[in-house]
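In the form predicted on its own, a lone chain appears below as structure tokens.
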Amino acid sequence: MIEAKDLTFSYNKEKQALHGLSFTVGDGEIFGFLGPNGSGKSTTQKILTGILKGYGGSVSLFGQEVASARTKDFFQKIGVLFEFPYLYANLSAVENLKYFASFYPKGQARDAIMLLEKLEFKKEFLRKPVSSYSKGMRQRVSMARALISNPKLLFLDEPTSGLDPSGAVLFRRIIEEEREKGTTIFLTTHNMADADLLCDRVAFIANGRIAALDAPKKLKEKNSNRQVVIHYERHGKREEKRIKTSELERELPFFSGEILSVHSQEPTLEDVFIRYTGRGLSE
């Protein structure tokens, strides 16, 4: 679905943003693209969506080079959720969606009201102007805009931004449903929980280079200290013991008290990210 080879980009002679990125995204895959501010992830997404021209190397979507495939048919296959919602503030949610749906062939666009219902948008605001919406409501309309065309390739930039926990769970479920339909999803986010729960693979980008690329589970396993922490109670006192997983079978008979919990000490995806990039996502 997506193939980038030796992708480079410079804003000027003194500022090279991308230094030879190479990666692929398979059909029906949720691919996470994670990096600190200024790492090059937004530049990459703008190239993939055809916003930025003049890149080096090659980038193809649907088997077509992006630079030469800027046709109406090409863009009708793509849905984009921008980090900063782009909606007409004087129009309502329904009016916005019907306007954007008009860009696509009849039969391709989804029903605007049904889509908003799926996104649990408040019915009393359906006909009110976007200017009266909260950030979470605008995010729901923006997601509906990205989905209105039934895209084959979906770019999501910070999809759960501005949502409460229940809204974030809803969005993750909808994203997974899109993947089940066969939609390919390119996800950029600062939310490691979203990346860990949703992505088949993630790429960590730092200073315009890919520092690591693999499935979240494999990245955590590769960087694990191979230990478990066992909390137990003995003689009425709560105690803790750390054991290497290789020694677990031999050590377990040591406990004469009641085992209360056993926790593996594998790192979080954010721990792994910082290890590879040297920076947190928000830096």
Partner chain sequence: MNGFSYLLKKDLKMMLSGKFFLLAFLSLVLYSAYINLVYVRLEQGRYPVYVCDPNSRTAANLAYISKAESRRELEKACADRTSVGIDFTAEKSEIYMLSSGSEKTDHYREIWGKAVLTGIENTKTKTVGLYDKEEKSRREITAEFLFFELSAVGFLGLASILFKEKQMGVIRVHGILPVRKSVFILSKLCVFLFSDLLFTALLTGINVGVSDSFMILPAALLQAGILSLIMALIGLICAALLPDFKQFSLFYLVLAVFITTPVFLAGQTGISWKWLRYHPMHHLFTAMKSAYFGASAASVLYYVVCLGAIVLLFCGAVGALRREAAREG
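Numbering follows the first chain given and starts at 1. Since the structure is predicted, the reported quantities are computational estimates derived from the model, not experimental observations.
Beyond what is shown, the protein has a form predicted in complex with the partner chain; the following relates to that form.
K.L.:
State yes only if every one of R172, I174 and A195 has a non-hydrogen atom within 4.5 Å of the partner chain in the predicted complex; otherwise state no.
P.N.:
Heavy-atom distance to the partner chain in the predicted complex: none of the three under 4.5 Å.
K.L.:
Out of the stretches listed (158-166, 177-185, 90-98, 206-214), which one is close to the partner chain in the predicted complex, meaning heavy atoms within 4.5 Å?
P.N.:
Partner-contacting stretch among the options: 90-98.
K.L.:
Would you mind picking the one in Q227, T49, S60, N223 that has a heavy atom within 4.5 Å of the partner chain in the predicted complex?
P.N.:
For this set of options, the contacting one is T49.
K.L.:
Might R145 be said to contact the partner chain in the predicted complex, defining contact as any heavy atom within 4.5 Å?
P.N.:
Yes, R145 lies within 4.5 Å of the partner chain in the predicted complex.
K.L.:
Heavy atoms within 4.5 Å of the partner chain in the predicted complex: does Y104 have any?
P.N.:
Close contact exists here: in the predicted complex, Y104 approaches the partner chain to within 4.5 Å, heavy atoms only.
K.L.:
Within a 4.5 Å heavy atom cut-off, is Y133 in contact with the partner chain in the predicted complex?
P.N.:
Y133 lies outside the contact set for the partner chain.
K.L.:
I'd like to know if V80 sits close to the partner chain in the predicted complex, meaning any non-hydrogen atom pair within 4.5 angstroms.
P.N.:
Yes - in the predicted complex, heavy atoms of V80 and the partner chain come within 4.5 Å of each other.
K.L.:
Are there residues in 48-76 with a heavy atom within 4.5 Å of the partner chain in the predicted complex, and which are they, in order?
P.N.:
Those in contact are T49, I51, L52, K53, K72, F75, Q76.
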